[in-house]
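Here you'll find one protein chain in two forms, each presented separately as structure tokens under the names structure 1 and structure 2.
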Structure 1
């Protein structure tokens, strides 16, 4: 059994579609570190959740990155959506010649044990070696050595395995009544996420892609 630390039961349903064993929901308010990349935030949360439960856990962090805005809002997506709203973010992007963006998600897994070498990066507290292991994450999603050492115990930190999922798309004027967050301004294959039903969105979602990578690896754990 894997414990998914989240307040959203929809994420449990989505995770269960990829994993061959039960996924349990845990509503645990772990401290969310402020960092410039999703990987650091997710890794810190997974460590805190494992220390709380003593059981294998997964934590996810996700966000919208807009190329013309230098990857903004990224890990600050929830805060920006709450304070600025999707209309203002669209207005910031509207005047740009290129409006490409991506939804990104990082699944962080921690069970208190070490990990054999695999293509997926391992966050061990921010050493230079860890950053090399993170080379398959986007440049703005790699773990930050300074931040990790400050908030997670540096070289003594519990290792965390990271799995990234990315959905590339375009930033458009808001359309659709479904979804949440920035879904109405993110278009993929001709539809915004807000115009897709739940099953359609889950089939292409960034979290689903990260979960698929995790499930494939976890089956060999």
Structure 2
């Protein structure tokens, strides 16, 4: 069983469809740190959720970045979806010549233990170096080459394992009524995410890609 700490039922639904393990939602609104990268937010969230529950947990911090808008809304996606709405984000993007964007997700796992070295990075909290590495992770579309050994310092903090997924696409006028959030305005290979069923979306999405890495690693844990 995997405890997924989130207030977003859309994330749970996708993880449940993807993972062989049963996924339990823990609707705990952990305090989100102000940071402009997903990895830092996810790592702090996983640590806070683990400290709250005492159980192994995953959290997912994710968002949409729109190139012509300087990466907006990025880590503020949830807030922008709530306050502006996706139609207005589409209107902002429609005025631009280039409409490429990307969804990114970082899944953070914490069970209070340390981790053996693997290609997935570990956040040990706090230091500016870690924060910078987090930024690199979120900004880079290629799989991160950071290893556990390369992430030094902050030895007092509980280690958190990070799994990243990115999917590039185009921002389009809203179509489809599946999925959640910005899915109706995000097109991949001719279809918006809201026009895909959950399996189709998971096969290509940022969350699906992060879940794939997590599942492969978790099976060995």
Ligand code: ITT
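Heads up, when I say rigid core I mean the largest set of C-alphas that superpose within 1.5 Å between the two forms. Residue numbers count along the first chain shown, from 1. None of these values were measured; they are calculated from a predicted model.
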Please state whether structure 1 or structure 2 is the form predicted alone.
1
Take the rigid core as the frame of reference and indicate whether the C-alpha of residue 56 shifts by 2 Å or more between structure 1 and structure 2.
yes
For residue 210, decide whether the Cα shift between structure 1 and structure 2 is 2 Å or greater, given a superposition on the rigid core.
no
Quick check on residue 27: with the core superposed, does its CA move 2 angstroms or more between structure 1 and structure 2?
yes
Per-residue CA shift, residue 15 (Å; core superposed between structure 1 and structure 2)
3.7
